[in-house]
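Below are two forms of the same protein chain, given as structure tokens: structure 1, then structure 2.
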Structure 1
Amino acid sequence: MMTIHSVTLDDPDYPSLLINDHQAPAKLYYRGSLTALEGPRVAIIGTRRCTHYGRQVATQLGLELAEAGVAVVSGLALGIDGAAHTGALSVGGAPVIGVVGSGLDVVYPLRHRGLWHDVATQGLLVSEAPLGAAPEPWRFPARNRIIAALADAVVVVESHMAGGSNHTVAAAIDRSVPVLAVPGPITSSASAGSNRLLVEGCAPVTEVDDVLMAIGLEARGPRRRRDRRPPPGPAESAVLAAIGWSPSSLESISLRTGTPPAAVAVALTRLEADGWARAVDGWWERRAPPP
């Protein structure tokens, strides 16, 4: 495990983005490099109980923002948070920033152990919780104010009407940080909260350029991305679709596809070799396109 550092409000290395915040943490613990905070930063947030649509959007936004030199900030939770960071990490672009609600030696959720490591290695992992602190429910609303304070803008991809994203949105508004939202199906409860933000006047996000312009960066304009990976065959395509954008076990993929585990294992090996999927701590994840 990488070394865990700490800074207090009196230290010269304390992040300038937080030092004048009216709710600045008295002490911060971090792994990685504080230089990740020096460039433009956008928080991508949303529900843990996201849809396939929401996961795809978060992954793509994370990927394209990182390509554009924007650090993606999120809480490393399941669902939208993890998808955004997975996308950002896949291109080797701007550093990533994770703000978590437990001690940095207490990984939560456990399924994101690999993601925690990658964020700390390619950017910054930070928490105000002392070492050994469990992920108690009250820590997450408190954590969300730090996410808002570190961001130049907050993008809500999917949020239920009473979702935890509301805490981050309120903290952003309190700090005059722009809040944007991704439109979602009016029939989806996962988009009820984010659609409500649009009704209330938040700017919509339909492509990455909407976010870049919101933080004062030049839009990239239309572009074409050619995926150079070998196209998966029919069996591999079915397995890839079953993985979706959420870490999945071999057994769950077998159940979703109705394919024997041995055949699924063969397909996964081919997908991994061709760059379409990867194994992380016993789970299988879909990989975003390379740059």
Structure 2
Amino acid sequence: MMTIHSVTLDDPDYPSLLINDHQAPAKLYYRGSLTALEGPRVAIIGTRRCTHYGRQVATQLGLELAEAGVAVVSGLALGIDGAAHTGALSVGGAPVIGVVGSGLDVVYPLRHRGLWHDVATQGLLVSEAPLGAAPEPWRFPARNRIIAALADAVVVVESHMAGGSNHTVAAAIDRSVPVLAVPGPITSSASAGSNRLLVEGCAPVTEVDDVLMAIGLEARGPRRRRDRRPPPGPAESAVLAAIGWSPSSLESISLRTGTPPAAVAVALTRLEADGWARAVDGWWERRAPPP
């Protein structure tokens, strides 16, 4: 059995990611190494009642993100959570981060006993629940906020209209963490929630590059198709990120980047010339790489 550590808010080891969170856990229990939090992190979340499609996508995303050096954050639950971690653990590329609702000595769900152990050894397993705490239902929404707080972006793979993912999404939005969703069949109840997110303007994930770009990493590109567009400079990247995934006006981009409109205009013109963004009637939107 591995040792279980704990840090409190006033501890110097307390993760800096959480310290400024407005709902930071007062005390955090963890197994593994806190260094897992240092690289880029993406949360992959979704329903326990997933479809084959969802499981496949979650596994693949987890794998490809890990290959790209991104730590996958998830809740170790059945379904999507587990699939994502399974995929991430299948390559030794990056640490994985598990955030659970029960005490760290109470393995839940039991079926994920092996995964539980693997996550703790290859990455980090955290919980705010005291040792011995049972997986009571109310602990999971609370757990979800930590997932959102730890992630650079949240990807919803599959979720039902009323599901636990909604808590994570709300917590992410609350923290200005970008939320992405994987489109699913409109006839599938398991995709109703994630499709709803897309309808509401959430950025879609059709491949891992979409996620990588959302957290400001270079798209993995070359494997399937090369993005021949010249990479945007730092100022342009910030503007590109500020455009987000919905059409934005000059005013809103300027507000989001905190840059005067004149400077934003220069960046936008460059982005447009290089094919990263385009303007329609004054509204700016990002462009997909040319096929």
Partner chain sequence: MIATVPSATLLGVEGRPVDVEVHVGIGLPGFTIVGLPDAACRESRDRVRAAFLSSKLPWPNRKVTVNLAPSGVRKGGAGLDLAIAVGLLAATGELPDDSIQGHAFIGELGLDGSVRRVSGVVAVVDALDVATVVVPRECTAEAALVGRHDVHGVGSLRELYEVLVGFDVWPDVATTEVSPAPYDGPDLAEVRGQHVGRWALEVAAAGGHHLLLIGPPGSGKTMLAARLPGILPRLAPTQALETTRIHSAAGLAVDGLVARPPFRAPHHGASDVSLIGGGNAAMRPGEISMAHNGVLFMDEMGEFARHVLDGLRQPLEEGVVRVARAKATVVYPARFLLVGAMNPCPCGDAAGPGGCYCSPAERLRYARRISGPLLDRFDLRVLVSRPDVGDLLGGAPGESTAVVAERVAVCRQLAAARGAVLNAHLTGAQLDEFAPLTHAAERVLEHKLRTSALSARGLDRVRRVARTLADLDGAPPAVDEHHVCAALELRAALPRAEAVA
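All residue numbers here follow the sequence of structure 1, with the first residue given the number 1. Under this definition, the rigid core comprises the largest set of C-alpha atoms superposing within 1.5 Å between the forms. Worth saying up front: this structure is predicted, and the values here are computed from it rather than measured.
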Structure holding the form predicted on its own is number 1
Large Cα shift (2 Å or above) at Leu28 between structures 1 and 2, core-fitted
no
Under a superposition restricted to the rigid core, does Ala273 display a Cα displacement of 2 angstroms or more between structures 1 and 2?
yes
Can a Cα shift of no less than 2 Å be assigned to Ala238 between structures 1 and 2, given superposition on the rigid core?
yes
Core superposed, what is the CA shift for Gly282 between structures 1 and 2, in angstrom?
59.9
